[in-house]
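Shown below, as structure tokens, is a lone chain in the form predicted alone; questions about how it binds or moves come after it.
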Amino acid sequence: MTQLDTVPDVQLDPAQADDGDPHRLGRKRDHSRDPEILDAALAVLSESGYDAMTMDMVAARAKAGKATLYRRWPSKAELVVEAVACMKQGMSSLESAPDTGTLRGDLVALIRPHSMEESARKMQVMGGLVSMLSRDPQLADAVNAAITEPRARLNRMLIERAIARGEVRADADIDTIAHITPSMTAYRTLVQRKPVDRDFLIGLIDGVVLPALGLPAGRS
């Protein structure tokens, strides 16, 4: 027996393992568990924060081997960036947006239990990333694209539709006003540490968004 024969396979560092193993040549990687792992990463991130989060914690939450994580995501940063990027869900087009005939009606119609729960989860994830946002531009871009921009983009489209039907003046500062709700939601959650409920969101619509567009509040 040679010395090589006496070394068991378990001695190999799983983080260094790859699919180039002769016994696995030509075998495609299985990505079927990626959604579970990414969801586990978001859960750990929102609970522990980025600095305290480890790949071991994610593997345990997802009930997956650490080697599986490292083969797919060589570092914690890469795992987190992809997990955050996968949060880009929900309405992003006028075809799927409410159409009540008025801007206020459309904005109020967006306030639904499911959308509020999803927004709260995104804020928890953002809270876990606060320490890293100023240090990692790629991560900051991913957070902006997944958490802030989807709602701002939808707000922008609703305002543009209101302009098209003559409800809002054409010279309105669409981009700034579209960011009011997501920005204030983030501030209330992360800085003030207060819940974002229906009354708060309607208060923003009637007290800030509509007046900024030159519209009266409280009319549907």
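Just count from 1 along the sequence shown to find any residue number. Please read all numbers here as calculations on a predicted model, not as lab measurements.
Beyond the structure shown, there is the form predicted in complex with another copy of the chain, which is absent from this document and is the topic of what follows.
K.L.:
Any of the heavy atoms of Ser32 lying within 4.5 Å of another copy of the chain in the predicted bound form?
P.N.:
Heavy-atom contact with another copy of the chain at 4.5 Å: absent for Ser32.
K.L.:
Look up in the predicted bound form whether Ala164 has a non-hydrogen atom within 4.5 angstroms of another copy of the chain, and give yes or no.
P.N.:
Judged by the heavy-atom cut-off of 4.5 Å, Ala164 is well away from another copy of the chain in the predicted bound form.
K.L.:
How about Val191 - does it come within 4.5 Å of another copy of the chain in the predicted bound form, if we only consider non-hydrogen atoms?
P.N.:
Judged by the heavy-atom cut-off of 4.5 Å, Val191 is in contact with another copy of the chain in the predicted bound form.
K.L.:
Can you check whether Arg169 is within 4.5 Å of another copy of the chain in the predicted bound form, heavy atom basis?
P.N.:
Output for Arg169 is yes: heavy atoms within 4.5 Å of another copy of the chain.
K.L.:
Please determine, with the chain shown alone, which of 129 to 137, 97 to 105, 110 to 118, 77 to 85 has non-hydrogen atoms within 4.5 Å of another copy of the chain in the predicted bound form.
P.N.:
Comparing against another copy of the chain in the predicted bound form, the contact stretch is 129 to 137.
K.L.:
Tell me, which of Met55, Ala62, Ala43, Ala186 has a heavy atom within 4.5 angstroms of another copy of the chain in the predicted bound form?
P.N.:
Exactly one listed residue reaches within 4.5 Å, namely Ala186.
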